[in-house]
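Next up: a single chain in structure tokens, the form predicted alone.
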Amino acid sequence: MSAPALRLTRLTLSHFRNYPTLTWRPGARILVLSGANGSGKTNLLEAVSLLVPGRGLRGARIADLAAHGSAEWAVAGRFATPGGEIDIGTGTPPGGPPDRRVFRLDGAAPRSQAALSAHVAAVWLTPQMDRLFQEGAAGRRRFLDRLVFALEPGHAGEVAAHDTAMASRNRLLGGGGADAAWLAGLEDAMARHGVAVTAARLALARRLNAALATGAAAPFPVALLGLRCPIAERLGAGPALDAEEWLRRSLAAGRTRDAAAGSAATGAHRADMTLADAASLQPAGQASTGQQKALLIGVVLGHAALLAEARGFAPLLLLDEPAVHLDAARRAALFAALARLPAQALLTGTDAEVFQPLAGRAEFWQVADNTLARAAEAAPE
């Protein structure tokens, strides 16, 4: 990752989560935020994540982002980019509905969220991802789709179009007596968008595997991503048009079954992301918690390298409780990697001492009582 870094130089919050107001001016490339559980560390990372395309690192509902007792919220950031300084803001429109969110780029409304991707990008790791391989396929699928969306902003629209068509088909089947031509049209939309979604997922997995194989995440273990999905199997065996036709036929043949189940048994919504250690081929689900965390850190760092290559600048790294489940050697490896990479990194933890090896290379901030204060730093080891 040799591209110049994107840098956050100012963050302003208004009625966001537990912060009535806050202005923060970070000055370093590595920023450590420490404080007790519930103090608002993750809220700060979430605020930064909302300034890039997407729904942020929590994927929260817009109405849930406002501080208690407030119907409106706002987040604004100033960034130093290779092209100069820019200002990005997001929040509820003044006097507007609490479930609507708008953006501003240097004071003007951008054409779309995707227009922001030319200027800003971020990747993140959260404690919720520690359970990625103990829970169902839906979480892993969302994780993979976020990786795709960061590189291909149009992917979110393809996923949404597939899911909208599927929901309409489910309603028609559930009501009984649906018009066959109407169902065929919805199944055609599911097939077209489902194949496009699957192709984008496969392309991301190939690109990321190639980057990881060349050491993009060293010294973390090389991970191997895959996609468990019948559509992916069809795309591996023939052209996309054949996969679309197969999916149309499968959906038409499964109408009775899907009506009884209330959901389509086949489609892009059934895919599952697989992850394994490339050296041993051990699936992440069979690895220890520490090994899983190491693999995920490698994926995040590799994805950051891909973004840097695609955008021409290194993205922000938002690492929420990254040291949890890592032994001392892996923590040292993480800190060494962050010191080496050009990307600006924001790290959180309850115990600032864990990050002591970064003294002299990072700014330390204490989060408490809805405030953020510069903390005293220990001497470097």
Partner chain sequence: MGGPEVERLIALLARLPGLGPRSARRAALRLLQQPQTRLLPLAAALNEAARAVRTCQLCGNLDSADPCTLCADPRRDRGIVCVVEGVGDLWALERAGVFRGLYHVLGGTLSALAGTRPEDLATEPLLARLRAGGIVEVILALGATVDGAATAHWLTERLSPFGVAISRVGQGVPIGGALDVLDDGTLAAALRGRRPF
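Numbering follows the first chain given and starts at 1. All values derive from a computational prediction rather than experimental measurement.
This next part talks about the form predicted together with its partner chain, which is not shown.
- Its partner chain is not shown here, and in the model of the complex it never comes within 4.5 Å of any heavy atom of Ala210.
- Among residues of the shown chain, Gly226 is not one whose heavy atoms approach its partner chain to within 4.5 Å in the model of the complex.
- Remark: Ser168 counts among the residues lining its partner chain in the model of the complex, judged by a heavy atom distance of 4.5 Å or less.
- Interface membership of Ser112, defined by any non-hydrogen atom within 4.5 Å of its partner chain in the model of the complex, is ruled out.
- Site annotation in the model of the complex: the residue of Val300, Met273, Leu186, Ala74 reaching within 4.5 Å of its partner chain with a heavy atom is Leu186.
- Among the residues Glu85, Asp106, Asp179, Asp99, the one placing a heavy atom within 4.5 Å of its partner chain in the model of the complex is Asp179.
- Across the options 211-219, 284-292, 146-154, 307-315, residues that bring heavy atoms within 4.5 Å of its partner chain in the model of the complex belong to 146-154.
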